[in-house]
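To begin, one chain is listed below as structure tokens, in the form predicted on its own.
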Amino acid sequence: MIYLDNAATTLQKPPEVASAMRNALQTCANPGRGGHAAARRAGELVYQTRALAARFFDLEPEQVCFTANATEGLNIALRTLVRPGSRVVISGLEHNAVTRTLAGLGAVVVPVTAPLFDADAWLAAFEAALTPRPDAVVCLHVSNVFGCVLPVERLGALCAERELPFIVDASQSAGLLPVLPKAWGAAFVAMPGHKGLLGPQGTGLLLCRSQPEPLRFGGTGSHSAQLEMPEELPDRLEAGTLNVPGIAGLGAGLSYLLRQSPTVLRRREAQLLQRTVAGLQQLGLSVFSGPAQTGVVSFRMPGQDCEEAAEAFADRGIALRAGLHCAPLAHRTGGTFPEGTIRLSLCALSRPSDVEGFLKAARQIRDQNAVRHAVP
């Protein structure tokens, strides 16, 4: 199989990820719930992964909280800062993890729109939306539909000037682009472990530079005599038994990334992106591309339904994703609602042969579709 659905989850992981998870299953118990060797090993593993993430994102270990995914982290961040009637400015590219949560909270949502790959236009649109003063600003770093990179550092500076809480969804950038909560002035940055960080599904991180409100309540192994959740991070957000095997795998993914050169990884993905876009354009397909783009590319096959086209690729052993990608707001902004797009998404472990195999299949599907629709 040629796997090009990394914006959903990376499938190809470094082999040490599975090895670390197996070892944790066999040797680690419940961290913070006992003084025996298996509990201590679990506690040490969790802390080591937390410290690795803190190093990766230039934070203190206690500011790194484990979650089940980016959605859980975004729920915590939004529920901390947003109340019914709160005015919240968001990008017009946000995922349902943001938009559905804000709808559930009864927020007044102000979506900002601009041309997809024009960072200056996005910044100007955000600046205009900050009057009247919102209660919070939410922006993804990279669109999961179009791969365009938004100017979060400059937006964070605008929010800092106005003392506005700023939340960043780094689901498509963590592990690929620099994610720097302090430089961005972000109150919270949420991300999954199973995408660019090369960890397993069921893991995520919430990077906290503000005091969060817990989403779950229960045992933490600390302050057990009190009814309230601890004030201290990370315990405040980590009620219940942690996913120790998952955290072990996430730690292995982080270790792999720390051993690599981020510049080399980004250059490799950029080269694959360039070849992909050029190949699709040569085939005469509709491609969404521009400056400041990661390895996420949306495209359309002329005269063919996106879902049907994705099935045709799947029949040839190529994994893509089609439809609205849990981000209908982004498709409205990009002018692709309600049909959606076909999405190809690369990762650090994608190969040139994957791209060439995909382009060969795209040519076959295009030609077969043309024959099917030819006038008799």
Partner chain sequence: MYNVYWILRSVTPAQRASAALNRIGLQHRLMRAPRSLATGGCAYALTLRERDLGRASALLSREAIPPEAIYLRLSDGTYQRIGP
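Here the structure is a predicted model, which is why all the values come from computation and not from measurement. Positions refer to the first chain, counted from 1.
One more form of this protein, predicted in complex with its partner chain, exists but is not displayed; see below.
Participant: Just to be sure I understand the contacts: of Arg33, Arg316, Arg55, Arg351, which is the one whose heavy atoms reach within 4.5 angstroms of its partner chain in the predicted bound form?
Facilitator: Comparing distances to its partner chain in the predicted bound form, the residue within 4.5 Å is Arg33.
Participant: Quick check on this chain: which one of Gln260, Gln282, Ser222, Gln271 has a heavy atom within 4.5 Å of its partner chain in the predicted bound form?
Facilitator: It is Ser222 that has a heavy atom within 4.5 Å of the partner.
Participant: Might Phe337 be said to contact its partner chain in the predicted bound form, defining contact as any heavy atom within 4.5 Å?
Facilitator: Close contact is absent here: in the predicted bound form, Phe337 is far from its partner chain, nothing within 4.5 Å, heavy atoms only.
Participant: If we define contact as a non-hydrogen atom of the residue within 4.5 angstroms of the partner, is Gln226 a contact of its partner chain in the predicted bound form?
Facilitator: Yes.
Participant: State yes or no: in the predicted bound form, is some non-hydrogen atom of Glu232 no more than 4.5 angstroms from a non-hydrogen atom of its partner chain?
Facilitator: Glu232: yes, in contact with its partner chain in the predicted bound form.
Participant: Wondering, does Arg321 line up within 4.5 Å of its partner chain in the predicted bound form on heavy atoms?
Facilitator: No, Arg321 stays farther than 4.5 Å from its partner chain in the predicted bound form.
Participant: Please determine, with the chain shown alone, which of 35-43, 328-336, 305-313, 343-351 has non-hydrogen atoms within 4.5 Å of its partner chain in the predicted bound form.
Facilitator: Stretch 35-43 is the one.
Participant: With its partner chain taken in the predicted bound form, which residues across 45-61 come within 4.5 angstroms through any non-hydrogen atom?
Facilitator: Residues within 4.5 Å: Tyr47, Arg50, Glu60, Pro61.
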